[in-house]
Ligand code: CP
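First, one chain by itself: the form predicted alone, in structure tokens.
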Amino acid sequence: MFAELTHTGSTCAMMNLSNRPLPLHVLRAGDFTVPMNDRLFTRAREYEERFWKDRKGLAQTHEGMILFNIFYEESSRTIASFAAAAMHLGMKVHSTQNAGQTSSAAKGESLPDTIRIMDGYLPDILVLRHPADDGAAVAAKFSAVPVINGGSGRGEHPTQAHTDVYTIEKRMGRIDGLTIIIGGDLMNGRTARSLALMLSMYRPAKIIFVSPLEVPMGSDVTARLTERGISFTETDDLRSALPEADVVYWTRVQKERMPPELYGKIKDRFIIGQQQLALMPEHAMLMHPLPRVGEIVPEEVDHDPRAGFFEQAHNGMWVRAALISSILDRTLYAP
């Protein structure tokens, strides 16, 4: 259970298993429970507080251990967040950006072969971003070290979901009972999918999916919510949804994952500026996984106290530090 996968077919992994325990992979938001999240979030808060009180002591937590970032797609926040988290814990970091164009993958090397090679360099954790929906799951089958899914195609981005839920709890004090809008390009947005899947383990009052009709939330996600008894609605009318929202989670249109004609048709349909803010309750929070590319108007939104996306991004570093540490001390999936 919880992605402690076997290593059939991986000579490198089988060799390393003689002196390494089975790795604790992080592949899916649905592999977690509320108690697991609570422990993770407690550690994230502790690490943030400890940084300001005892930075040198924090840097001895996993001193000398190694984290590899292997990113086949562009990233700035996620790759830097993982790197900073690891370094604050005393780890050494090696990062590869755009691995599909700048590594042996450009010559045709398969993902399993790349993972086998990286595995042999003896890192303690691999963080992978890959354009295939099952990229992280494939990597985990061939790795003797923990693989963290740093974003897989249209599939999932579980550590972003942890960041998002942590941010909501930190700002709002709870998840249960909240009305949460998840909006934008929901068909292609892995952060929206992972957040909805992670919210399914809580008891929000309602989730409102707001998107152009062409890019709705996936049926697998809505089926999961139905199975868990979570109330949700789907609409393309942002203005009608905003007044009842406690949290508005907005996302960009994924230009790289759709035909140009569709992107041109929907890219300007859902923009949040001053008029939309005026419809939100005063206590609400506006979130975004970033980058934003026009769907939130900076000069109209950034000064508003309801804007929480930069706080959200900064929280991600501490959540990922807690995640890394919980993997290395093998408490992540404890009952």
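All residue numbers refer to positions in the sequence shown, first residue = 1. Since the structure is predicted, the reported quantities are computational estimates derived from the model, not experimental observations.
Here the subject shifts to the form predicted in complex with the ligand, a form of this protein not shown in this document.
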Though only this chain appears here, would Thr235 touch the ligand in the predicted complex if you measure heavy atom gaps against 4.5 Å? no
My question is simply whether Leu290 lines the interface with the ligand in the predicted complex - judged by any non-hydrogen atom within 4.5 Å. yes
Arg129, heavy atom within 4.5 angstroms of the ligand in the predicted complex: yes
Taking 4.5 angstroms as the cut-off for heavy atoms, does His157 touch the ligand in the predicted complex? yes
Assert contact residue (the ligand, in the predicted complex, non-hydrogen atom within 4.5 Å, options Ser240, Ser110, Ser231, Ser76) equals Ser76
Within 4.5 Å of the ligand in the predicted complex, counting heavy atoms only, one of 282 to 290, 59 to 67, 262 to 270, 43 to 51 shows up; tell me which. 282 to 290
Would you mind checking 296 to 313 for residues with a heavy atom within 4.5 Å of the ligand in the predicted complex? none
